[in-house]
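Quick heads-up: it's one chain on its own, the form predicted alone, in structure tokens.
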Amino acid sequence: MNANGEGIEHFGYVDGRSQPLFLVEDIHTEKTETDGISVWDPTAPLNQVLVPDHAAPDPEVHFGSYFVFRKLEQNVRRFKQSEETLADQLGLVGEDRERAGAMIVGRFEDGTPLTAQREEGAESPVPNNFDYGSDAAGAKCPFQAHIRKTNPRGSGGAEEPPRERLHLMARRGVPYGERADDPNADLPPSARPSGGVGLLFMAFNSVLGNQFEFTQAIWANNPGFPIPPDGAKPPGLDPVIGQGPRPESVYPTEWAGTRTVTADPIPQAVTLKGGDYFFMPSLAFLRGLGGKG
């Protein structure tokens, strides 16, 4: 956890902040935290995550979900070195060097979205009420940034925003592995683990092909998504979870500036160690199993 008690993954970034919300109380809390001014609406219908459980007593009222489980190993040493290398190539100095990692992920380590002008002191919970309407050219958050690739918030350019939202899924991540270093300490990349730690990724879907599989194949692993402005270089793969050959990518040297640099590819630092698809049944089905002893 970080200083605010928020969960972080092994690369050091607040994890799981942006989720589709289904329950009235969660939606109300989110809107209260943003003073009722909605830029990004996190709400989603329950049928985006639930499907009838035909093995339950009454599928009309008993629901389950298609469940994705993956074990993702993280090479923290390689990722943190990538941040340093990118900062050097962009000529970033002082506190602005943190923006290199933020351009890979799309958020600063404390969770502040790169599209927002960062202020001193992290907010808690970190902001989620943003979109890319003010950043059509990718001058604040590069198109290839992880969170922009996996949730373009209506800016992907390939579909109308309502259809784009149908690809989102409910996700949860659990870090695994023990570390000898302090994740919150200011240490060189060489002091970070190169294996043995990672994330247990879980996702709930109603249509695997249109949610998890679509997000991986059509968004994260598609070098042409999001669709950049005419004449702009394709963004390349998701630098965090993308799998395959990685081309050079373009990054702004200043936040919201016009000067850019074509930097070396971010080397792959996340490796799939295993996983599978499951059906998560309804509670009614599970209770039925207990009654057949």
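Keep in mind that what you see is a predicted model, and the values were worked out from it rather than measured. Residues carry their position along the shown sequence, with the first being 1.
The protein also exists as the form predicted in complex with a small molecule; that form is not presented, and the subsequent description refers to it.
Heavy atoms of residue 102 never reach within 4.5 Å of the small molecule in the predicted bound form, leaving it off the interface. Of the heavy atoms in residue 115, none are within 4.5 Å of the small molecule in the predicted bound form.
Using a 4.5 angstroms limit between non-hydrogen atoms, residue 222 is distant from the small molecule in the predicted bound form. Under a 4.5 angstroms non-hydrogen atom cutoff, the small molecule in the predicted bound form lacks residue 280 among its neighbouring residues. Taken together, the three residues 9, 16 and 270 all come within 4.5 Å of the small molecule in the predicted bound form, as judged by their closest heavy atom. Shown alone, this chain has one stretch from 72-80, 156-164, 184-192, 92-100 that lies within 4.5 Å of the small molecule in the predicted bound form by heavy atoms: 72-80.
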